[in-house]
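Next up: just one chain, as structure tokens, the form predicted alone.
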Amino acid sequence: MSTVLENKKRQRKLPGKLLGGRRLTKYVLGQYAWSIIRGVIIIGICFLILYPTLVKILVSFMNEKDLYDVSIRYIPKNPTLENYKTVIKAMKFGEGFWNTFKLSLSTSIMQLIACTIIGYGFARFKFKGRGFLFALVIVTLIVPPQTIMIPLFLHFLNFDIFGIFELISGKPLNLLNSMAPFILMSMTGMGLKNGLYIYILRQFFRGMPKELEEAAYVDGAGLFKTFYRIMLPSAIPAMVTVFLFSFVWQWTDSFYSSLFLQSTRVLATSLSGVSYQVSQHFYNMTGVTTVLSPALSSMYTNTASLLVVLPLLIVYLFAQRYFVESIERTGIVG
């Protein structure tokens, strides 16, 4: 009798188990389907982002015949490095690379020092007008630099501090065509994208526990010692973010470089005249004026842009781990 009752109970539970199994199967299939859809979307977005770069890389290895060969779409029949050799010589890449490296490194260091101090002050000290001043910092991110282009140019063309230089030498200083405008703007927290860097460091210092400072004060450390012995070591991820951002933006900046540097060769400003520089290079070699076709001019421009971006890719490969970690810890995303 008990055996019959147990069999009936099993028969009653069996449909429920089957139904649960079906639900589990549908759930697993749904998860797999969503993973596939998500993967396809990510691959599509990556393709849209990387496609122009891949095309530029492939075109940079083509010769002139491949450009006009209708049977060639992407893969060159006769790959060559002559385009890179021509562009390097025409652009005087070595000189431009060294000038750009000096400019980017010096401004990045100055911006890092200035923005770290300013960000720490906004995050840890209370004073009148703090909110208004920080709002002005955010405004610098909104105002386009083109609106202050003429005042900046005239300011550094006739640079003076309360008339001191004019009183001593009889005329103000001309700081154009030198690194002085970049250094002065970076030191005073008014350099390229400094509003963003101040915001990043301010958010990072605000997220640090106050107990660290209080413990340092109890141990007899002052404000300055607490800052460089306690706060700065903990802020290394945010500082790495600011340094990399500053270096990359200054490396690719053409606005301030063309505004302040008329005769100094840097890579970003050289890109705009690649076609002319290549034509001049051919003229110096052959003595014959060469007019580049639109396709050939575009090919040389693509090759030059890849040469400009290549050092940044190398830097990113070595600093990728620190960059991702710093982005996550500064509160920019998430």
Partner chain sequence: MSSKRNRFRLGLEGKRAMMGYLFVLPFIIGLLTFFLVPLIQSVIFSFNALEVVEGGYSLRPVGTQYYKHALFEYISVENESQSFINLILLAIGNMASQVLLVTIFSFFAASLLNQKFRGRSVARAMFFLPVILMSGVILLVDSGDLLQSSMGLTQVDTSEGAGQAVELARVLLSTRLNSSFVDFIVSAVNRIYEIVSASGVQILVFLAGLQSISPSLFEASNIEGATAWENFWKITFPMVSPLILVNTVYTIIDTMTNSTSPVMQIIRNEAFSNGKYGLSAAMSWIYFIAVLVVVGIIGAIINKLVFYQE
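Just so we're on the same page, rigid core means the largest C-alpha set that superposes within 1.5 Å between forms. Keep in mind that what you see is a predicted model, and the values were worked out from it rather than measured. Numbering follows the first chain given and starts at 1.
Another form exists, predicted together with its partner chain; not displayed. Remarks below refer to it.
Its partner chain in the predicted bound form is approached by residue 52, whose closest heavy atom lies within 4.5 angstroms of it.
Contact check for residue 249: a heavy atom falls within 4.5 Å of its partner chain in the predicted bound form. In the predicted bound form, at least one heavy atom of residue 67 sits within 4.5 Å of a heavy atom of its partner chain. In the predicted bound form, its partner chain sits beyond 4.5 Å of every heavy atom of residue 63. Between its partner chain and the residues 254, 106, 177, 78, the one pair within 4.5 Å by heavy atoms in the predicted bound form involves 254. This chain is drawn without its partner chain; in the predicted bound form, the residue among 131, 209, 233, 151 with a heavy atom within 4.5 Å of it is 151. Counting a residue when any of its non-hydrogen atoms is within 4.5 Å of its partner chain in the predicted bound form, the hits in 279-312 run 294, 295, 298, 299, 301, 302, 305, 308, 309, 312.
Superposition of the core reveals a Cα shift of less than 2 Å for residue 294 between this form and the one not shown. Relative to the superposed core, residue 50 undergoes a C-alpha shift of no less than 2 Å between this form and the one not shown.
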